[in-house]
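One chain comes next, on its own, written out as structure tokens in the form predicted alone.
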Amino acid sequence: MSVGIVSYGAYVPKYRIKVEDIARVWGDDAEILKAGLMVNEKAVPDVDEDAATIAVEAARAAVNRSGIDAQRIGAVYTGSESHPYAVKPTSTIVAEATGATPVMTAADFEFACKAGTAAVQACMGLVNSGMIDLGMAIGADVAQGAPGDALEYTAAAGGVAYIIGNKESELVAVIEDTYSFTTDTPDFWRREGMPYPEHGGRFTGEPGYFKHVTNAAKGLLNKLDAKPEDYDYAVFHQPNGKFPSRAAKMLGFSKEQIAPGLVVTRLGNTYSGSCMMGIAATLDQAKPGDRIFATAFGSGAGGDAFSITVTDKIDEMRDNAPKVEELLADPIYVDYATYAKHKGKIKIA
């Protein structure tokens, strides 16, 4: 029995801040930062946007793109590391807003930047077991970065929703298989009640990102007896532009394979939405029969790899909701003061 993507939807706030405007405040060299990070600007939420509102927008786009009856959705799982409530599910808000309630289950997922793909895997299992008809998995974040921290240049806002099912006539893409690689690696963390995360800086790349991304990717390739040239596209978690580019090269994927999904340069790191946004951008232009290899990463740490094949159904519904490229177009640029206001960084003692 095939399991895969019935629909997908993305959302990106319209506001952006350029690396130059952040660097100017902290006295950093913007050109060095842009060259090192391979990021030019990032998405900024509006003053009334959070992970829940972003998840709702992405979920509605996914429902609209396919035209499915939302009552068929038996599970809604939202992955985020910026859930607006410590106690109160984001997923119930999404379910109510999309018309999926009340006969369904919901829960919020956390695993740093791969909480959304963990939700995809959970939906795959529930659908294939016959417990539910359709499941919705979402990755959405309004990522945090302390003032003056390196994260401030990349921590962005955005979200993506995937509807997972197993009726072959409905699938826009078949998920052929998935493979995860997970260890207890404290490369990045935020304790309860703390406003901003902490991290090991430059020392987190090798034991965190590259170890888990390459092992998850190699594990799936070996499991499928596949090789990079078997795929038309590849997507890797995008904390910046440099890491996924290097990971692709290490694994034998080309620049051309990752280019369509490498949206971080104009979007920033949407954390739980990062890899999922790259997959969505790739689906926006993939042709029937194309294969996509994707690997998400979450600090803490783990990697989820997926092998995806696009079906003929994609051409029927691709244009029924905004594409990632359309969401990135015509941004409204803000200065650092407006950005700080939008992000709630201006506090009264």
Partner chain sequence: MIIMSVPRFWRKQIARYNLVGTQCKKCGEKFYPPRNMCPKCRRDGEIEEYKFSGKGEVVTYTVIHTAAEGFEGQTPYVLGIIKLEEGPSLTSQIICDAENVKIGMKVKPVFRKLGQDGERGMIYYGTKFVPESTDKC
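Numbering follows the first chain given and starts at 1. What you see is a predicted model; the values in this text were computed from it and never measured.
From this point on, the text means the form predicted together with its partner chain, which you will not see here.
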Can you tell me whether A97 touches its partner chain? I mean in the model of the complex, with a 4.5 angstroms heavy atom cut-off.
yes
Does D46 make contact with its partner chain in the model of the complex, using a 4.5 Å heavy atom cut-off?
yes
Answer with yes or no whether Y196 is in contact with its partner chain in the model of the complex, where contact means some heavy atom within 4.5 Å.
no
Is there a heavy atom of P84 no more than 4.5 Å from a heavy atom of its partner chain in the model of the complex?
yes
Here the chain is shown alone; which of E41, D28, D50, D284 has a heavy atom within 4.5 Å of its partner chain in the model of the complex?
D50
Please pick, from V174, A150, I93, L221, the one residue with any non-hydrogen atom lying within 4.5 angstroms of its partner chain in the model of the complex.
I93
Residue by residue through 300-332, which ones have a non-hydrogen atom no more than 4.5 angstroms from its partner chain in the model of the complex?
D330, P331, I332
